[in-house]
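In structure tokens, one chain follows: the form predicted on its own.
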């Protein structure tokens, strides 16, 4: 009888483990809000977890092993979120050595122990305010300690890691290429944008969601275009779009990369092959910052700006569902387990 009980317990454990694996599998969206991250199941489009955080969320990045989501908030905190347990397991403050730092741009280093940020800083000395030079710096995720840095022009707002982390692209008035392989960080090249009348607000970038292709929209006096960065090769592509410019905060690519979806006050569908606009419709819930698409390309998600998340049928742009979220949002990230 004892061996039968042991066999039963063993089988039960195996079944539970399998069930847990099935529950963890699938597609998840992470709605980055104020003091909270909310998890949406991609199959049911239902909120399945609330994750309290400190402050207003901003940049985010998934670890290479897909076990953690790192979320920068309040421009100086980095929260490490355990995706299996849906909870914050560590928080780092980069303002920890007498300097008040404001971080614009955040990417993980492939080593999993460090990250890079674009920083502006200040402190007081003898009753006077001291303003630090703007830098891109590497810092420890455990302590927040800055390890090395390179001075960059004012206005760097976003970072993209390319070529396995051996290079960083820093987006500001122009695009600055930073070599990370030496003892010191070093700017090795500049792609002019300002003199070409390119205006970009690259706060939203879905490189992870796009399968390693960063996507950002830009404007000239004549048209809106898309800038794509291949993270593997570092190649930069520009796609000028024909037709009256659509106003957009962010843009995400369809899984087959034949279309793109852009949002601001409208949801706009872009034909990447014909380099033109296909369709545009007002977002009933109001201005949105973030846009994402399901892994199978059948649904589009518009969120942020306000406190709703709208799910659309990608083919018809029919509204399938509107979720009322716990707070206003800034971004929406997707991962498939």
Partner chain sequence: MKKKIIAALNEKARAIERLAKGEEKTAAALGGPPAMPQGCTTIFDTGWETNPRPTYPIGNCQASARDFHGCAGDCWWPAQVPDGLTNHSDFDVACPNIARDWRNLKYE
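Positions refer to the first chain, counted from 1. As the structure is a computational prediction, the values presented were derived from the model and not from experiment.
The same protein also exists as the form predicted together with the partner chain; that form is not shown, yet it is the one meant from here on.
Screening 44 to 52, 302 to 310, 61 to 69, 270 to 278 for residues having heavy atoms within 4.5 Å of the partner chain in the model of the complex returns a single hit, 302 to 310. Listed residues 236, 201, 239, 90 were compared with the partner chain in the model of the complex; 201 is the one with a heavy atom within 4.5 Å. Residue-level contacts in the model of the complex: of 227, 141, 120, 108, one residue has a heavy atom within 4.5 Å of the partner chain, and it is 120. Mapping the unseen interface onto this chain, residue 164 falls outside it, with no heavy atom inside 4.5 Å of the partner chain in the model of the complex. Residue 249 belongs to the set of residues with a heavy atom inside 4.5 Å of the partner chain in the model of the complex.
In the model of the complex, the partner chain lies within 4.5 Å of some heavy atom of residue 265. Although the partner is absent from this view, residue 206 stays clear of the partner chain in the model of the complex, with no non-hydrogen atom inside 4.5 angstroms. Residues are counted as partner-facing when one of their heavy atoms sits within 4.5 Å of the partner chain in the model of the complex; in 273 to 302 these are 282, 283, 285, 286, 287, 288, 289, in sequence order.
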